[in-house]
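Just one chain is shown here, as structure tokens, and it is the form predicted alone.
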Amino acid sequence: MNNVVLIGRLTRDPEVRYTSETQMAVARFSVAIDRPVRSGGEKQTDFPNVVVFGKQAENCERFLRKGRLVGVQGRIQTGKYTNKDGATVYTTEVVANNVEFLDWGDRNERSDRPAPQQASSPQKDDMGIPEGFQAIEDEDIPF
């Protein structure tokens, strides 16, 4: 079984690229996750890299920003490659099946939509009852 569930904050904005063949979106970002601390112990944090594909990758680019809280479900994937100096580099990343946006912050921060208009307050009489409504007497309440 290879199943990972993480909750943490983005350490940077998601970086999205598209595959050359199918033009599928691929988002990459890392998440800061605090390790459990024993009493008196020093706080330690892990920074796993996360990869997301498809429409969910596009949504990550659109709605996520550095510092936002996310939940990630997926699997661990390891790999290796040889860098330009000839050294072998080993990689470990989380391939996400699901990314949940747990913290929205300022909803208008990334949106292309204009901010919602504030509704005007209805006129109220001296008792604080909006215009068009009438006061209910206690004896009029059926319970």
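The first residue of the sequence shown is number 1, and the count goes up from there. Everything numeric here is computed off the predicted structure, so don't read it as measured data.
Keep in mind that the form predicted together with the DNA is not shown, yet the notes after this line are about it.
Enquirer: Residue 41 versus the DNA, in the predicted complex: is there a non-hydrogen atom within 4.5 Å?
Expert: No, residue 41 is distant from the partner.
Enquirer: So in the predicted complex, does any heavy atom of residue 32 sit within 4.5 Å of the DNA?
Expert: Residue 32: yes, in contact with the DNA in the predicted complex.
Enquirer: Test of understanding: in the predicted complex, would residue 45 fall inside 4.5 Å of the DNA by heavy atoms?
Expert: Contact with the DNA, yes.
Enquirer: Is there a non-hydrogen atom of residue 55 within 4.5 angstroms of a non-hydrogen atom of the DNA in the predicted complex?
Expert: Answer no; every heavy atom of residue 55 is more than 4.5 Å from the DNA in the predicted complex.
Enquirer: Select from 48 to 78 the residues with a non-hydrogen atom within 4.5 Å of the DNA in the predicted complex and write them out in sequence order.
Expert: 66, 67, in sequence order.
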